[in-house]
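What follows is one chain in structure tokens, specifically the form predicted on its own.
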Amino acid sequence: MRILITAGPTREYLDDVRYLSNASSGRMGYAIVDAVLAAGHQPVLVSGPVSLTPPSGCEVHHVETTEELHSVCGRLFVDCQGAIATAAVCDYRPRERFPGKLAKTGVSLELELVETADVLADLGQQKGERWIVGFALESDEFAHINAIRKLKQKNCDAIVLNRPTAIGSTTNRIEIIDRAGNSVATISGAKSDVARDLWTWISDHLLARTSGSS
């Protein structure tokens, strides 16, 4: 079974040297790739810029911007039976990318931001009989509600709720929320262990949908 997995951050450039991004290390997504490989499936990794080496035996596609992620995932998902979207996607980009390097002028610079493509929502619209697991990074007291809203808006089959403390860390604590909005599992520990247990849950609850595919 071919599984599309996104990992790492995206970058949105202000000029040729400066960009908006985040501190995602890609470790969670890469750990999921390892778990999928260990289970005998074919992970298709789409990775933003990280310092990690892709696991041996993994098909990998490197991207940088959200638009690149959107384009590559749309093309690859056609031949996959499921997707796990762990990438920390920039939600906004500068409306204008300036050529070269912007120099200081002694006055303030007003930066207008516009929304980037919604990669997960677009995959959800085209999924058909396939399954999708999204990730929701939430930080306030409405985290669970926000995760359920994302689950439904993006047409996911499950959503993984985690917190900002996961960014750049070797450990994670996640909550799996199923399609009905129920919290069905909480997993914590090293990201490699969390990935293995998450994949076990996916195998038990979602793979039957495409069990006839390989």
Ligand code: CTP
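One rule holds for the numbers: they count along the sequence shown, beginning at 1. Keep in mind that what you see is a predicted model, and the values were worked out from it rather than measured.
There is another form of the same protein, the form predicted in complex with the ligand; it is not shown, and what comes next is about it.
Exercise. Does residue 81 make contact with the ligand in the model of the complex, using a 4.5 Å heavy atom cut-off?
Worked result: Answer no; every heavy atom of residue 81 is more than 4.5 Å from the ligand in the model of the complex.
For this session: Consider residue 150 of the chain shown here, and say whether it contacts the ligand in the model of the complex, taking contact as heavy atoms within 4.5 Å.
Result: Residue 150 belongs to the contact set for the ligand.
For this session: Consider residue 132 of the chain shown here, and say whether it contacts the ligand in the model of the complex, taking contact as heavy atoms within 4.5 Å.
Result: The answer is no: residue 132 has no heavy atom within 4.5 Å of the ligand.
For this session: Spell out, yes or no, whether the shortest heavy atom distance between residue 76 and the ligand in the model of the complex is within 4.5 Å.
Result: No, no contact at 4.5 Å.
For this session: Decide if the three candidate residues 85, 116 and 119 all line the ligand in the model of the complex, where lining means a heavy atom within 4.5 Å.
Result: All three within 4.5 Å in the model of the complex.
For this session: Counting only non-hydrogen atoms and a 4.5 Å cut-off, give the residues of 127-161 close to the ligand in the model of the complex.
Result: 134, 135, 136, 137, 138, 150, 154, in sequence order.
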